[in-house]
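The data below hold one chain only, encoded as structure tokens and taken in the form predicted on its own.
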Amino acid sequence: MAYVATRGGEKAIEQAERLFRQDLGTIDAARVETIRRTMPYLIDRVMGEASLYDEELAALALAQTGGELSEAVLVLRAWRTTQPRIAVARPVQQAELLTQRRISAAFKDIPGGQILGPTLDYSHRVLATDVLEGTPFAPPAVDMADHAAPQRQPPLADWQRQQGLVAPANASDVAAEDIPDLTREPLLFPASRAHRLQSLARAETGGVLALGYAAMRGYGNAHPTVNELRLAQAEVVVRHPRGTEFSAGRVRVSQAEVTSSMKGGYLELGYAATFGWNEVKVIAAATLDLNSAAAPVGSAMHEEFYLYHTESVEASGFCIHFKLPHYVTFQSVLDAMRDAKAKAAAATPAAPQMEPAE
């Protein structure tokens, strides 16, 4: 691929950027705070795809880019790369999650019970047009339960292992600081389990949904059933240089396990987790994880295909680079076309000249 230098357009380029930012208007702290407070699920999506949990910075990225998601993720990832790593958090266990929503489509009566939590799953999706006519939409108050649900819930897979339905888990002897880190290492294939799950965790939601949906509709080899879906808050526990552990805060997380057919006498499980609450993404990602093992190379369910093509920054960057000048390469296409036409015309015998009638 070749480019030619674009000259004489510096002022036009500067004005084009000014025009973009002028349309967005002034960005101040109040505007950022409004975005952060009123659009939590959008904030979650940006943080998940950027591999950075910071609600304020995610809101700023959205304000700065006018809500263009791929641009917001790009600037947030770029900012993250400038920051030092000061600690590695202790791995989070499922049983330690402060669970606010936990459901299973595989078993009705699961240990700990099903917790619906905040959801629109059972609601009519109706646009509240009255708001535009001056009637504010005020959500009805939630009736408090007589007894609060336990904050922590046991993993459903643990109960299934006790029943002999799921294969025993292999204990890992890898230290937390030695777990492969996709933000610092290239993605190579076949991907390690850690790299695959990390890549899915920050994959573009729409891309994961498209490929996961394809697998669900029959283009994969396993139709999923949601074994467990959980929305929760995870305690981020880090170690102080003096050796003591302390909580640095909590982050919202989503995780999904999906299952399908039996393999080797056990139910297979696909797994995915991500920053923020994003149910669609983790279900679709877990479906891709479930389908990976038996997927032929080159298919959309093979890990190399879906991990490369759901990487939002690389995909959007490659797509928009086609807006840059390609004058040289395109000129070569025109030259080849003109040359082919000239050769075809030279090879065509001239039509006989008709004598005019007398």
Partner chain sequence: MFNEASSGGSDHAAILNILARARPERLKAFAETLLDGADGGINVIANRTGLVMVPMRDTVENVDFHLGEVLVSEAHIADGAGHVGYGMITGRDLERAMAMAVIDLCLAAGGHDRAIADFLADEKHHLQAEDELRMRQVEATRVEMETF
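Positions refer to the first chain, counted from 1. Fair warning: this is a prediction, and the values are worked out from it, not measured in the lab.
The next section is about a form of this same protein that is not shown, the form predicted together with its partner chain.
Contact annotation: its partner chain lies within 4.5 Å of heavy atoms from the stretch 143-151 in the model of the complex, the single such stretch among 208-216, 123-131, 67-75, 143-151. Interface membership of Ile283, defined by any non-hydrogen atom within 4.5 Å of its partner chain in the model of the complex, is ruled out. Proximity of Asp54 to its partner chain in the model of the complex falls within the 4.5 Å heavy atom cutoff. With a 4.5 Å cutoff on heavy atoms, Pro136 does not count as touching its partner chain in the model of the complex; it lies far away. The closest non-hydrogen atom of Val92 lies within 4.5 Å of its partner chain in the model of the complex. Taking the partner from elsewhere, every residue among Val88, Pro180 and His240 has a non-hydrogen atom within 4.5 angstroms of its partner chain in the model of the complex. Residue Pro118 is the only one of Pro190, Pro118, Gly164, Gly264 with a heavy atom lying within 4.5 Å of its partner chain in the model of the complex. Of all the residues from 192-216, those having a non-hydrogen atom no more than 4.5 Å from its partner chain in the model of the complex are Arg193, Ala194, Leu197, Gln198, Ala201.
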